[in-house]
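Starting off, we have a lone chain in the form predicted on its own, written out as structure tokens.
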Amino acid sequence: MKEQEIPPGWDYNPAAWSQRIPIVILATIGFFIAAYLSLYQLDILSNVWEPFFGDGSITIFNSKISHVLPIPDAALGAFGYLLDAVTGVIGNTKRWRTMPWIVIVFGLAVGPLGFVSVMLVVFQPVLFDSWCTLCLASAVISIVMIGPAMDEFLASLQYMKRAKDANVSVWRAFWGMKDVREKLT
């Protein structure tokens, strides 16, 4: 039997390439921004491009919050964006049911990164009375990625719930096992 591409109850496929490619492109742009900023935090670059806020970026990147972790926060952002891009391209348009594990990793990578971006943007004026242009750009990218990524995440969680309700192994459903997919078709 042919497996569905569109999840039951949906009128579109959240795993379609038209849904995922924009996220992957945004994640790639975010990766380059964060990698560039991490070069400053690692003292490889002596300055950061800041067209609007004077020394705002320098103030932000030299703050105690930027140095709370043993590695630069921008490097963690770069890793997060890279994880978003890689998990965004893995699998086909049925991955919400054939690879729920990768969709869940994708959703967990995109969602928290967006939340952290919002939190860091709020810190800029509140704690440091400064702004950082590339930080704001990165935050916008993170926020725009959340909606489409959470749609696919939700489709996979619904698939997992259907497996549970059908008394099928949720663990096997999580790994996209064919026998489970056949029972839920």
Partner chain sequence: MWSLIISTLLGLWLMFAPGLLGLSSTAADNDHIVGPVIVTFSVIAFWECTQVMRKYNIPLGVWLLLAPWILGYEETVAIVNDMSTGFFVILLSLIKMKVEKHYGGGWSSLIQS
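Just so you know, these numbers come straight off a predicted model, no measurement behind them. Residue numbers count along the first chain shown, from 1.
In what follows, reference is made to the form predicted in complex with its partner chain, a form of this protein that is not presented.
Colleague: I'd like to know if W131 sits close to its partner chain in the predicted bound form, meaning any non-hydrogen atom pair within 4.5 angstroms.
Modeller: It does: once its partner chain is placed as it appears in the predicted bound form, W131 has a heavy atom within 4.5 Å of it.
Colleague: Can you tell me whether W17 touches its partner chain? I mean in the predicted bound form, with a 4.5 angstroms heavy atom cut-off.
Modeller: No, W17 is distant from the partner.
Colleague: May I ask you to check whether F123 falls inside a 4.5 Å heavy atom distance of its partner chain in the predicted bound form?
Modeller: Residue-level check for F123: yes, a contact with its partner chain.
Colleague: At 4.5 Å between heavy atoms, is W10 in contact with its partner chain in the predicted bound form?
Modeller: It does: once its partner chain is placed as it appears in the predicted bound form, W10 has a heavy atom within 4.5 Å of it.
Colleague: Choose from 44-52, 63-71, 31-39, 153-161 the stretch whose residues reach within 4.5 Å of its partner chain in the predicted bound form, heavy atoms counted.
Modeller: One stretch meets the cut-off, namely 153-161.
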